[in-house]
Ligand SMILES: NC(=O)c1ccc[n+]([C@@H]2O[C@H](COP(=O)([O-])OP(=O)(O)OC[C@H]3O[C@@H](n4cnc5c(N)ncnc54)[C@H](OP(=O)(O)O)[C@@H]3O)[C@@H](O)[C@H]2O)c1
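The chain below stands alone and is given in structure tokens; this is the form predicted alone.
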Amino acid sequence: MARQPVGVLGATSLVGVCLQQLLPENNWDVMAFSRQPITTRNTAHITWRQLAQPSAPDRANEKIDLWICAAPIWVLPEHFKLLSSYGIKRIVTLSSTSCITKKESTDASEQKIVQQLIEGESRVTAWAAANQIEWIILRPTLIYGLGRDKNISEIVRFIRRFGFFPLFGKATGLRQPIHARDVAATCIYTLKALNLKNRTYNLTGGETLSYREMVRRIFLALDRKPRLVTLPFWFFHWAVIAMRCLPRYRHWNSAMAARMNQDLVFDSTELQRQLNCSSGPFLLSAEDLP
């Protein structure tokens, strides 16, 4: 079977790293783009391009119909001209369920992200429609994996540093964590599913569990006895303010505590049925621990 070319934006992101592995294994030749300086050599099936130097290739003989964007969706409009120069016909791009779950957040930084997600989705769909490009937007739930995410890995680091983890109230809010490798695999399945086009789908992990249980399993993955400390909201609020003095925790906010008791659950049954695939349960291996 002939190998098929695919363009990947955000190839050094968490999901992008997983795509680097899965795409060549599934008979794709990858043109990988990144804004970061390229330190990785080209291989037989991955060719690297730095987005800051888009004029390097001669695109007269470089046509790439199919694309995956693993960069934040609000970044994608910056590269519409680049994609068009390669003759794009179809793209799968990642957004986030945060555009729904954080819509009522009182935190200014979270509101900014929500607006970026919403505006990014709107600009992508409008551009694609105007240029007769097929598009699929996937909105994953909480992504984790490879010790590089900003959710589970932060909890791991906190536990390692302090030996416990603070919870607000019962922390019974439901979660559906999804491994970055499952996100990448779904992107590939979706890219090949030509019957799917011009739709937005939520993408969930294969297991639904409470926030408290999720943290308990992180302790177990670290081979530690769970030490979950329940705090009243007022104490959590002031503790977060104090923690934000440390660079690693500057993005923490009180809204995060409030969501510990909110169900952030979505349905991806239709997508899984049409792709005939599903995500795995919440499991942390050694490679997922920072």
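Residue numbers run from 1 along the displayed sequence. Note that the structure is predicted; figures quoted are calculated from it, not measured.
Keep in mind the form predicted together with the named molecule is missing from the figure; the text below concerns it.
Visitor: Counting only non-hydrogen atoms and a 4.5 angstroms cut-off, does L23 reach the named molecule in the predicted complex?
Guide: L23: no, not in contact with the named molecule in the predicted complex.
Visitor: Would you classify E104 as touching the named molecule in the predicted complex, given a 4.5 Å non-hydrogen atom cut-off?
Guide: E104: no contact with the named molecule in the predicted complex.
Visitor: Does the 4.5 Å heavy atom contact test between K150 and the named molecule in the predicted complex come out positive?
Guide: Judged by the heavy-atom cut-off of 4.5 Å, K150 is in contact with the named molecule in the predicted complex.
Visitor: Is A185 one of the residues lying within 4.5 Å of the named molecule in the predicted complex, judged by heavy atom distances?
Guide: Flag for A185 set to no.
Visitor: Please determine, with the chain shown alone, which of 150 to 158, 207 to 215, 83 to 91, 125 to 133 has non-hydrogen atoms within 4.5 Å of the named molecule in the predicted complex.
Guide: Of the options, only 150 to 158 has residues within 4.5 Å of the partner.
Visitor: Using heavy atoms only and a 4.5 Å cut-off, decide whether all three of Q36, H79 and I143 touch the named molecule in the predicted complex.
Guide: The answer is yes; Q36, H79 and I143 each reach the named molecule.
Visitor: Considering non-hydrogen atoms and a 4.5 Å limit, which listed residue (A71, A171, L191, I137) is close to the named molecule in the predicted complex?
Guide: It is A71 that has a heavy atom within 4.5 Å of the partner.
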